[in-house]
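Single chain ahead, by itself, as structure tokens, in the form predicted alone.
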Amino acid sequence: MSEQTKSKPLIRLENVSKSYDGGKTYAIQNFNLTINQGDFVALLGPSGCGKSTTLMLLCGLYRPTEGNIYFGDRLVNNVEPKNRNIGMVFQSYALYPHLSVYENIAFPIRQQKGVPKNELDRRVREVAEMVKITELLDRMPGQLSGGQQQRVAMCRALVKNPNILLLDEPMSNLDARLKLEIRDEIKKLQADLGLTSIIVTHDQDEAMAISNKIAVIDDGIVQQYADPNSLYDMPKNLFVASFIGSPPMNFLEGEVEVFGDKVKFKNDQDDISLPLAMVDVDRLTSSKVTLGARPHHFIFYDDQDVPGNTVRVHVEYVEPLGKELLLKCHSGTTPVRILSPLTDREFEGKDIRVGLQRSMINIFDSETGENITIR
């Protein structure tokens, strides 16, 4: 697929709202999203944020209360699900227990009527080979493992040659190791087919690994829509910053003052200077800001060689993670998590000073929650 084709918008949600109780309750509100041909997009957010509602609107099971949904140039607000040319994989897999794997996969084609038997057989076996379940075609769903059932559900979604693939938390019922395996398979399959795909998940690791774009949703509103690296390094606001990342971003409350070409962040514990060019001071609503730093963006020094611009923390305890240590600390009353390479140095119960990778710091306006960092 050419880059020009990939960049062409395939799905557009324009000011879409879905309300219940006569407009008293909104699942999503003024929702805007554009998905290009060939994109793999994750709808990510906490439970109840509106991501599953969005998927149901896309597949046609729900109708928008307000706004419009387009597939290409076609308005699909009132188009029935069967006429949208989509493939859907549900969280529960929704396989028919009385039908064989072969018949479960063939079911959507039989619904189309008039498809020759040899064409049906070719398409069933083609997707089964693609997903590597040819040897399971004669079995019944009850004889399959969770991972095998998930593969059958994928085949059933793909057998129609859909324009769009929708996945509703398809890996939530799998154990951790199998989830990684299936995740890799879905990502490779989507890339090989160039199929525009949308996955709903509350698992940020899954979203970061599998998609090329993520829509972070909270309270029915898209907070940020960007590639995984941009979300991680330059979150648009405090919600995105706190939701993306494991362990989560650390937040230090304080105030800023401008001194010449420097901006000084300070609180009762710390005093850190940043280049003025790094902070959009014109967007400050007050002097109060929140400094955000990822756990692995701290710098460790020898005790006798600690420079200025450091954060003082007390290490409560240390959690070994294999290749690194997670230090559970406090800066005053604020909890701080810091990742450290494995070392012989003893941290537990001690007061230490750590530096910050200044180029990776994020500064948020405490009143609006917006990121005012300049990169």
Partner chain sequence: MKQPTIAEIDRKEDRKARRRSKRFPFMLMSPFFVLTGLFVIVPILIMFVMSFTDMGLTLEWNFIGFKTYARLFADPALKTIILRTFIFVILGTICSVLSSIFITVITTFYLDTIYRKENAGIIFRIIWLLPSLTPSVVYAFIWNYVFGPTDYHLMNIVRSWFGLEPITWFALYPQQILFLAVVITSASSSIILFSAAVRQIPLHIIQAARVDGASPLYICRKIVLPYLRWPITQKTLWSVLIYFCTYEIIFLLTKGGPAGKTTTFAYYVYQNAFNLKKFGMGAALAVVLVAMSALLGLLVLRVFKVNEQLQDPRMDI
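Positions refer to the first chain, counted from 1. The structure displayed is predicted, hence computed values, not measured ones.
The form predicted in complex with its partner chain exists for this protein as well; it is not shown, and the discussion that follows is about that form.
Remark: all three candidate residues (M56, E80 and F90) come within 4.5 Å of its partner chain in the model of the complex, counting heavy atoms only. With its partner chain omitted here, the record of contacts in the model of the complex names 108-116 of 128-136, 232-240, 108-116, 273-281, defined by a heavy atom within 4.5 Å. Under a 4.5 angstroms non-hydrogen atom cutoff, its partner chain in the model of the complex has A94 among its neighbouring residues. The shortest heavy atom separation between G142 and its partner chain in the model of the complex is within 4.5 Å. Within this chain, K188 is remote from the site of its partner chain in the model of the complex, having no heavy atom within 4.5 Å. Mapping the unseen interface onto this chain, V318 falls outside it, with no heavy atom inside 4.5 Å of its partner chain in the model of the complex. Distance criterion of 4.5 Å from any heavy atom to its partner chain in the model of the complex singles out I86 from the list V222, I86, L195, A293. A heavy atom within 4.5 Å of its partner chain in the model of the complex is found for one listed residue only; from K264, K288, K160, H202, this is K160. With contact defined as any non-hydrogen atom lying within 4.5 angstroms of its partner chain in the model of the complex, the stretch 12-40 contains no contacting residue.
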